[in-house]
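Only one chain comes next, encoded as structure tokens, the form predicted on its own.
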């Protein structure tokens, strides 16, 4: 097959590209330039948008012996990921930009261009496993390395996208991947993993939001509606947050208070005790299914954070079967704390990823 290997400049994508070559595929490497000014998003090893990263990817491609190109995806990335991130926070929600990047950039914009150019698949360094059944359906499963599993941020992929994807690292552990990179002579073997949000230059999310959305102060209130503090922007908070509240009035019982709700129109942030964060019901919108959309009630497990635990749940799918519209209602067997609208809820049947939805509302 003709395979386009997305090379971020890190160790995982470099080894994935090398393994695709070893498997006999005709491989071409591509690095995605996600910022017109690479230094404006990240620097050093903390992200995936730097000049250093593009150079590391090119050197890895040279060692592997494959053609290499840089694709300018800056405008698409800014519109579909950065602007979406800002809009979600401005609306009082807490988005996951990695989920959005996978959905709209790596496995939509890049895959669409790759197929148009005659490639059969896109290979990435994600830790997840793909299995094709006798019926031709491609299933996505958790990776063999639980600590590196990235199936959560890939839960937005559709069957058509999975059919044209390759995850060569799915059966490997990270330490083995680094050792393999070393043995192959790849200079990125010891390169640190990227962390945080790749397009925020210094890791200061609140400052990033403030600079772009502007200061818009408002009250911090308790559950009774009494003002207990002031803030400079509701976008600086997320449901479940405890630190950095700077409350002027302590709670009557002296216990810590947490963010319970963010109302963007009145710019009101509501705080209260930890137990008030308890959630047993979630409603999700814009579901995306990795295979056929389930019908009726699905007994499964769900995950609501990239590195969160699995939770037993019953999921009711109110969907027309098209897999792109509708709603899902998630009933948790045990309560979860600090679930924020805007997060993704990903559904699993054992290790298999069923699909995902964006959390719109939560309740007890």
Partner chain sequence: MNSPVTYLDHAATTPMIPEALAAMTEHLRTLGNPSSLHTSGREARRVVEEARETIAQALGSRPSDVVFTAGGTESDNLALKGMYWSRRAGDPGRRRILASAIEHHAVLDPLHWLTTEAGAEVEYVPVDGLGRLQVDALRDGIERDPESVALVSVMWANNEVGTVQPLAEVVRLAQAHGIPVHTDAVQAVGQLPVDFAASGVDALTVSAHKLGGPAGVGALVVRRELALTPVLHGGGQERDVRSGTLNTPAIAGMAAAVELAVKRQPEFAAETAALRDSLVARVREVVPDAVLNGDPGPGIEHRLPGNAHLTFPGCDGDLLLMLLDAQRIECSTGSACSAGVPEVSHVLLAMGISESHVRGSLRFSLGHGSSKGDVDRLVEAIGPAVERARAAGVADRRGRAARGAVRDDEGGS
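Numbering follows the first chain given and starts at 1. Being a predicted model, the structure only gives us computed values, none of them experimental.
FYI, the form predicted in complex with its partner chain isn't displayed, but the following is about it.
For residue 222, no non-hydrogen atom is located within 4.5 Å of its partner chain in the predicted bound form, even though that partner is not displayed.
In the predicted bound form, its partner chain lies farther than 4.5 Å from every heavy atom of residue 171.
For the chain shown alone, residue 327 is not a contact residue for its partner chain in the predicted bound form, no non-hydrogen atom being within 4.5 angstroms.
Remark: residue 118 counts among the residues lining its partner chain in the predicted bound form, judged by a heavy atom distance of 4.5 Å or less. A heavy atom within 4.5 Å of its partner chain in the predicted bound form is found for one listed residue only; from 179, 79, 265, 227, this is 79.
Out of the listed residues 72, 160, 193, 204, 72 is the one that sits within 4.5 Å of its partner chain in the predicted bound form by at least one heavy atom. Heavy atoms within 4.5 Å of its partner chain in the predicted bound form map, among the stretches 328 to 336, 296 to 304, 64 to 72, 309 to 317, onto 64 to 72 alone. Residues 104, 108, 109, 112, 113, 116, 117, 118, 119 of 88 to 126 are found to place at least one heavy atom within 4.5 Å of its partner chain in the predicted bound form.
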